[in-house]
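One chain is shown next in structure tokens, namely the form predicted alone.
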Amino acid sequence: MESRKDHAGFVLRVRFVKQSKWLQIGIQYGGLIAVLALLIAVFSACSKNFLQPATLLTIANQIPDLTFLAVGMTLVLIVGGIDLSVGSLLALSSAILGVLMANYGWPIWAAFGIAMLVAGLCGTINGAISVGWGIPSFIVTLGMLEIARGATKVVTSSQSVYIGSQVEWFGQPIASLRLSPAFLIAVLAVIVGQFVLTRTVFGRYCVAIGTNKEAVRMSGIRATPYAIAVFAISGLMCGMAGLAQTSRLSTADPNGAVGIELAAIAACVIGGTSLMGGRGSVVSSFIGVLIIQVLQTGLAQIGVSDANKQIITGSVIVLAVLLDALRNRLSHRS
């Protein structure tokens, strides 16, 4: 009799935990979607042209590069790191792609393969040094930011490289869908990233490493390979972002993507990924990307100057960081 009561109590506790988990997920996604809907409503009221299919499709086709970066950045932040080099690695992969195609006549698949290899290698170096040597990733990736930007200027001779129609197809909308292949693949990357994070051993280990690395080590799990792999994935996402941006602009710009790393971090933090590690969602980061892009597009449509746009966007980022700090304090108290 007692065993039946114990079993029934266990079942009830499991159900309560599951219900609480789904409630938390609903609150998290619901809050972000509410913020996104509010922004769309405000800008639609201020500009009659905002809530038009053309504007919304333009927003969708402009975000693939930032989306790819946010996917990689989410994983890096979850393990307790940060990657400041993503903008420069994007520019470097774009430069390699452009020079190999425009100057040497390489086919896009071969040039893209080399660009991805270089970006992935740089990400791996970031992880190997910061994780293997115990050096803060902030410092290591800041150094890689400078190295990759300098290498980009060397590769391109500090000149923009025009590629043209050979790469434009990836960033141009498909006629029947009005969405670009870059956007569709970026959404696929979000889905795969969320699946890896929530449904695989690799993802669970990443969350555990960011939550308590010492506990992971005491459990007999080698955290180092997983943390290095996360930086390598971030590098590969930079390669994808490089292709997306190059296809949209038709040009490899050695000065392109400056500061985009801040937008990627902001998108993740707005989406609820903790700067302290151990918590995050790729889908939430994607919603964060949408929030940033809608904010910037809406401000541009209502005639806000670039300086004021920076002030407003920066204020949103600071607010998101403050909310993240508040969440961390509340979780520690509980």
Partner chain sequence: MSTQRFKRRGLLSAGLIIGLISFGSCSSDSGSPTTVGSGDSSAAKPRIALIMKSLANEFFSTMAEGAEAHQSAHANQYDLVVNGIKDERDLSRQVALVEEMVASGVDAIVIAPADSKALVPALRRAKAAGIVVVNIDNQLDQDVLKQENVTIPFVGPDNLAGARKVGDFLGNELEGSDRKVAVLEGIRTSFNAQQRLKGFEASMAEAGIEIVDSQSAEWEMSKANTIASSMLSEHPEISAILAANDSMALGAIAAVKSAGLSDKVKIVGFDNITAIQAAIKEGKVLATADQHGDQLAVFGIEVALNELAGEAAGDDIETPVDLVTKQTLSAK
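What you see is a predicted model; the values in this text were computed from it and never measured. So that the term is clear: the rigid core is the largest set of C-alpha atoms that superpose within 1.5 Å between two forms. Residue numbers count along the first chain shown, from 1.
The form predicted together with the partner chain is left out here; the points below concern that form.
Not one of 88, 124 and 194 places a heavy atom within 4.5 Å of the partner chain in the model of the complex. Heavy atoms within 4.5 Å of the partner chain in the model of the complex belong, among the stretches 184-192, 254-262, 137-145, 229-237, to residues of 254-262. Shown alone here, residue 107 lies farther than 4.5 Å from the partner chain in the model of the complex, counting heavy atoms only.
Residue 153 belongs to the set of residues with a heavy atom inside 4.5 Å of the partner chain in the model of the complex. For the chain shown alone, residue 116 is not a contact residue for the partner chain in the model of the complex, no non-hydrogen atom being within 4.5 angstroms. Taking non-hydrogen atoms only, residue 129 never approaches the partner chain to within 4.5 angstroms in the model of the complex. Of the residues in 31-65, those that come within 4.5 Å of the partner chain in the model of the complex through at least one heavy atom are, in sequence order, 38, 39, 42, 46, 47, 48, 49, 54, 55, 58, 62, 65.
Residue displacement note: residue 308 has its CA displaced by at least 2 Å between this form and the one not shown (rigid core superposed). Cα of residue 51 to Cα of residue 320: at least 3 Å shorter in the model of the complex than in the shown structure. A decrease of at least 3 Å in the separation of the C-alpha atoms of residue 37 and residue 318 is found in the model of the complex, compared with the displayed form.
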